[in-house]
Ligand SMILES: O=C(O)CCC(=O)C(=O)O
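As a starting point, one isolated chain is supplied in structure tokens, in the form predicted on its own.
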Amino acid sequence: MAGSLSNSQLSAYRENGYLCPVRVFAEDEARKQRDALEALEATPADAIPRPCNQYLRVNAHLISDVPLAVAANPMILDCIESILGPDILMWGCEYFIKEPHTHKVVSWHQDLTYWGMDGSDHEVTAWVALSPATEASGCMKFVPGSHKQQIVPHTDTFSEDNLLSRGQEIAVDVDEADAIVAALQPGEMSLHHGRLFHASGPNTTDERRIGLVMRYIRPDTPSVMKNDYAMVMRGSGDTGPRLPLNPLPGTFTKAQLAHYDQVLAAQSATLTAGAESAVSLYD
């Protein structure tokens, strides 16, 4: 199969459910991407209808070509092609940011729990560091091999200190001793399977911890949504059961904002299904 991962890297991913670190661009390019993100964050609040953080945390690729430039990086797509094959779609793109000295965490969870993809093997998450992601700054932790399980029960905590939309966490015991620390330097990425147990702790440093996260899928990835969307990144152009997303140029344009609301409305019913409280990111 084409792609940039070696046989040993691909074997490690399949056995462990993750691969890291993988260098995708130089640190100076990571700095440029961080600067571009922080320019987005400086958008005046009265210039956009929703809080800027919501746009950055859900479907960021719909409101700016800044994250799209990273998502379309050929080296990233080569790595994804090694795992998924030549037809690659992007289902989601989001920034995960922990400010210095924050108590914000990400609880132990499996990504595919609420995505309406039926626990498929056809999804890979790429997490690209735009600042140092160390254990002290709250980098991810993985439980090797946990992706070999199916989706386990989760509970919604709605904790204010949880960066996940519902504060969702695995409702079974996770032994921290089984976890490995997935530290990354700017310009490095990790890859992980959608069923892998993963979490991250607080940021105790003076530095922001910034990651750009892309969710790549195959066209044949199942969908239980009535209307779901995906963006073609490479291959035949087939989007399977999903409607095609065509990238719109610019940043926070009127057309982008309207498109964002359309996609969010279509996805929100599935992404909030079963929640006992409102899920603010999908209101």
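What you see is a predicted model, and the numbers here were worked out from it, not measured in a lab. The first residue of the sequence shown is number 1, and the count goes up from there.
Form predicted together with the ligand: not shown, discussed below.
When contacts are judged by a 4.5 Å heavy atom cut-off, K98 counts as touching the ligand in the predicted complex. Shown alone here, W127 lies within 4.5 Å of the ligand in the predicted complex, counting heavy atoms only. For the chain shown alone, H147 is not a contact residue for the ligand in the predicted complex, no non-hydrogen atom being within 4.5 angstroms.
A residue is said to contact a partner when one of its heavy atoms sits within 4.5 Å of a partner heavy atom; A72 fails this definition for the ligand in the predicted complex, lying far away. Against the ligand in the predicted complex, the set Q33, A36 and R208 makes no contact: no member has a heavy atom within 4.5 Å. Checking 61-69, 245-253, 210-218, 47-55 against the ligand in the predicted complex, the stretch whose residues place heavy atoms within 4.5 Å of it is 210-218. The listed set I76, L89, M140, I83 contains one residue whose heavy atoms approach the ligand in the predicted complex to within 4.5 Å, identified as M140. Contacts with the ligand in the predicted complex, taken as any heavy atom within 4.5 Å, map within 192-213 to H192, H198, S200, R209, V213.
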